[in-house]
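For this one, two forms of the same chain are given in structure tokens, first as structure 1 and then as structure 2.
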Structure 1
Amino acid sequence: MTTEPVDDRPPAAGPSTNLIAAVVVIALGGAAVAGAAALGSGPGTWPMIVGVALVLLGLILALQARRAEPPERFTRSSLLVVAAVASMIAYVAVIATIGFEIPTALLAFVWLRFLGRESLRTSIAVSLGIVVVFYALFVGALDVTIPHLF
């Protein structure tokens, strides 16, 4: 795992959260088993094996849930993550229609200004800089067929 100093981590969630993770794993394994069964014996054999393994591992995780290291809780800062993901989804949604230049600039701006609390000038400057560099690199130098407006 990564080297985060202890003191700044978000508070630990209750041990039941481990259980939730375990249940998710079991559910995933179950879905895999179901899907594999539908595929039949040739293509479905291997997914079946893996699915069964997942269910078993999930069960073990559930048994260990109480004693294991609890996962971190979601705090208010987690909303930042939600915002970040939303911005990225928006990016994907529009990029095919209006090219990558504008969404790139906007995404960069949002991240710099709102998620990163940078000053307005820095945010604008860096956003525009990124678009320029990307354009020069991807469209100019590499000739990648990314949807672009200009």
Structure 2
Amino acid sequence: MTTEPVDDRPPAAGPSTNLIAAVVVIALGGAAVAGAAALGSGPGTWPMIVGVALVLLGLILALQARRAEPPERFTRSSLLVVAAVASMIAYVAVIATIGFEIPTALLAFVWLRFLGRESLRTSIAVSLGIVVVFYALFVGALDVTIPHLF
């Protein structure tokens, strides 16, 4: 009697999904290049480098779309990624208005508790610890001008 290995991976989505992912990467890179060009040569240098790198990597991905291993289909567990991105967008949207302390603590808590399934005690302790460390590092030690409450 032979036992076959159990494959827990979701079903494959097909090579067209690789091509769609490549187009998304190229579009993000193109947006970064356009935004960097609007900033000018000084402050736009690093965003320009990152944008060009994204465009090049997207083109490479597009060229290899048919030969690459097919990606997995989206499943219910893929919603965790959507939740993580949505919470990061909310974080960026409110940080300039209310400072970084409260949004950082809430983002860390949500990621630890709901996405990482940590205990309530661990989620609270680590979230508050992250805020204290970030405050000490960026505001205290490096004197970075970021929006903050205190």
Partner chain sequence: MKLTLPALGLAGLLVLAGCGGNLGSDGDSGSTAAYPERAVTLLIGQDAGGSTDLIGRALADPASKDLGQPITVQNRPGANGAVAAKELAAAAPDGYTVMVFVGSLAYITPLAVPADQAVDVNDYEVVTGISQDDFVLIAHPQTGFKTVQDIVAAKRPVKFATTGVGTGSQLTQTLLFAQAGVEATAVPFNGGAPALTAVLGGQVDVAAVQLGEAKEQIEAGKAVPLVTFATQRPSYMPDVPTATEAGFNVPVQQSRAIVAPKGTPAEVVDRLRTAFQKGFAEQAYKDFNTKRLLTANEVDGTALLQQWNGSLQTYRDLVAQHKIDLSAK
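In this text, the rigid core denotes the largest set of C-alpha atoms whose superposition between the two forms falls within 1.5 Å. Here the structure is a predicted model, which means the values were calculated and not measured. Structure 1's sequence is the ruler for residue numbers, which start at 1.
Of the two copies shown, the first one, structure 1, is the form predicted together with its partner chain. Core-superposed comparison between structures 1 and 2: the Cα of Ala34 travels 2 Å or more. Once the rigid core is overlaid between structures 1 and 2, Val133 does not reach a Cα shift of 2 Å, moving by less than that. Overlaying the rigid core between structures 1 and 2 leaves the Cα of Val23 displaced by 7.4 angstrom.
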